[in-house]
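First, one chain by itself: the form predicted on its own, in structure tokens.
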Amino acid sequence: MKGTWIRWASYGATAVALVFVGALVGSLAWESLPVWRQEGLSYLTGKTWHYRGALFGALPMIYGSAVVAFIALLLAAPLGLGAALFSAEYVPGRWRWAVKVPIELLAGVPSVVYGLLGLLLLRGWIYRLLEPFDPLSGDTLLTGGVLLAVMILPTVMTLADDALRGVGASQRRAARGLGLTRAESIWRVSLPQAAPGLAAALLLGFGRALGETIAVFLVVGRQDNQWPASVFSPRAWLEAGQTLTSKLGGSETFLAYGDPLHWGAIVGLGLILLILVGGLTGVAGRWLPQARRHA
């Protein structure tokens, strides 16, 4: 009887959570209907955002979000995976806290503090670094990406460490017994077994970077309609830009409330962001159980 009640309580809690998620998505979709009716798919593919002219194209902001998240992952992935390998494979158990805890404490720092540190330290450093390219300021997509790399490092490192620790010790001992060195056993046993969990760690870190608001808002420059001549050119990374979150966190959100079309365009950005982050989280959530089964 007790097990039945627990099962039904878990079903009920899951149903309530799903209802809230569905209501959130439905509410955002309903509020954004005016802009979808006017712009159609050009809302996603348009490159011009000018609310006074009733032109709403979200593509430069989607691009900006993707760029800062990609830069963050590009920097945080080797550091986070390297720290996880060191913690899981080389450090004795009683000393793991000396590596893992300080990195995990970074997750507890408020994002506004990261943003202020970015304003005080990182922005000037990036400007001096980019002086040969004659930047207008240190407020660039690169600055936002570097700042986000520090913020997602605990996510990547912690989840990667858990994935590596999930590999059975018996498999490591069997590899060593066959004559493999520690490095070879890591390369041939630990990494393949933990690969789904490592991929999930990177995806969740990428999603965390996509959803960050205040820190990016303070250092990215918030320049609308920044679309590069080539999406594969890193030159645009050295210029100011706009992301989905920096637009949503700005004053235009308050200005839009009285205009149904403008408000729909702003809410539509939130819907796009929710779908992107939710999709990445869903894919990562499918890989984590696979990692546990392999372990």
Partner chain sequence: MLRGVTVVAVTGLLAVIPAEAKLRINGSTTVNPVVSEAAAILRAEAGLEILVDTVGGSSGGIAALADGRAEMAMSSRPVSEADRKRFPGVDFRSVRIGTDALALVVSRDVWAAGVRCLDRPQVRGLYEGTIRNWRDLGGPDRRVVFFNKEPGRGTWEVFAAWLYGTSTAAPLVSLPGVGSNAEARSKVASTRGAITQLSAAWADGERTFALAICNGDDELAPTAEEVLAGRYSLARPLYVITNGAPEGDSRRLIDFVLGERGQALVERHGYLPLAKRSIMGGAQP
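Positions refer to the first chain, counted from 1. Just so it is clear, the model here is predicted, and its values are computed rather than measured.
Form predicted together with its partner chain: not shown, discussed below.
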property: In the model of the complex, Gln171 touching its partner chain (heavy atom, 4.5 Å); result: no
property: 4.5 Å heavy atom contact, Ala240 and its partner chain in the model of the complex; result: yes
property: Contact of Tyr257 with its partner chain in the model of the complex (heavy atom, 4.5 Å); result: yes
property: Contact flag, Ser251 vs its partner chain in the model of the complex, heavy atom cut 4.5 Å; result: yes
property: Contact set, 215-231 vs its partner chain in the model of the complex - heavy atom within 4.5 angstroms; result: Leu218, Gly221, Arg222, Gln223, Asp224, Asn225, Gln226
